[in-house]
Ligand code: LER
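Here's a solo chain for you in structure tokens, the form predicted alone.
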């Protein structure tokens, strides 16, 4: 398993669960100093990233990109894949498509989290799932042609009424033709929704493509009450070799949150190889 930490480039998302907020150069410098393998980037749009500059920055600090988020489309524009207006759904899909292209250039997946939307009053659930499935087929296929997976993130009940557990989301992915959409298992959301996060990870093992490494209170692992040991044991048991990425609140401050995430990860690695 590899370690990653989040950086947001979206001022409108201030207060959200991202650790670094002062630009990519500062984030890369801090991440490298703390021993992270990668950063996870939340951009305002694909064209907001200076790609040559980011390649150079990553090389200088011996870092990779773990993933790119697409939630800027929701935060900035209120676009999502289940909007009642087909023009908005089209804008949401195109926004995600562009970030998939950006992510693939860096060997990384794109994440569909908040951009999935929710089933609003008056929208039949069957219609919502048809729209979601069509979008995932299209975007998953696009990502596959570019050589990268697409990540779908089940969110807790307060953020969506689509799929809140790994099992329900995995069953939906099994109904699709594409096999290029993987699950993002967010330990914060799982703390709310799963009766046993460890069992949920084992049951959805073949679908797991990325993990958000967060405690029960959405702070760094070790700053809440989640029993992390059985979760990490489950990840080892299923052979998960991807990133544990700290998508967490920057509390008590960004450096302390990142440092605690790094310590928690280093403890995991030393335990796994003991």
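Predicted model only: the values in this text are computed from it and were never measured. Numbering follows the first chain given and starts at 1.
A second form of this protein, the form predicted in complex with the ligand, is not displayed here; the remarks below concern that form.
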>> I need to confirm a contact call. Of 92, 155, 170, 136, which residue comes within 4.5 Å of the ligand in the predicted bound form, counting heavy atoms only?
In response: 155
>> I need to confirm a contact call. Of 159, 193, 144, 105, which residue comes within 4.5 Å of the ligand in the predicted bound form, counting heavy atoms only?
In response: 159
>> When the contact criterion is heavy atoms within 4.5 Å, does residue 17 count as touching the ligand in the predicted bound form?
In response: yes
>> I'd like to know if residue 61 sits close to the ligand in the predicted bound form, meaning any non-hydrogen atom pair within 4.5 angstroms.
In response: no
>> residue 212 versus the ligand, in the predicted bound form: is there a non-hydrogen atom within 4.5 Å?
In response: yes
> Going by a heavy atom distance of 4.5 Å, is residue 182 a contact of the ligand in the predicted bound form?
Replying inline: no
>> Can you tell me which of 124-132, 170-178, 80-88, 183-191 lies within 4.5 Å of the ligand in the predicted bound form, counting heavy atoms only?
In response: 183-191
>> For the stretch 217-237, I need every residue with any heavy atom inside 4.5 Å of the ligand in the predicted bound form, listed N to C.
In response: 218
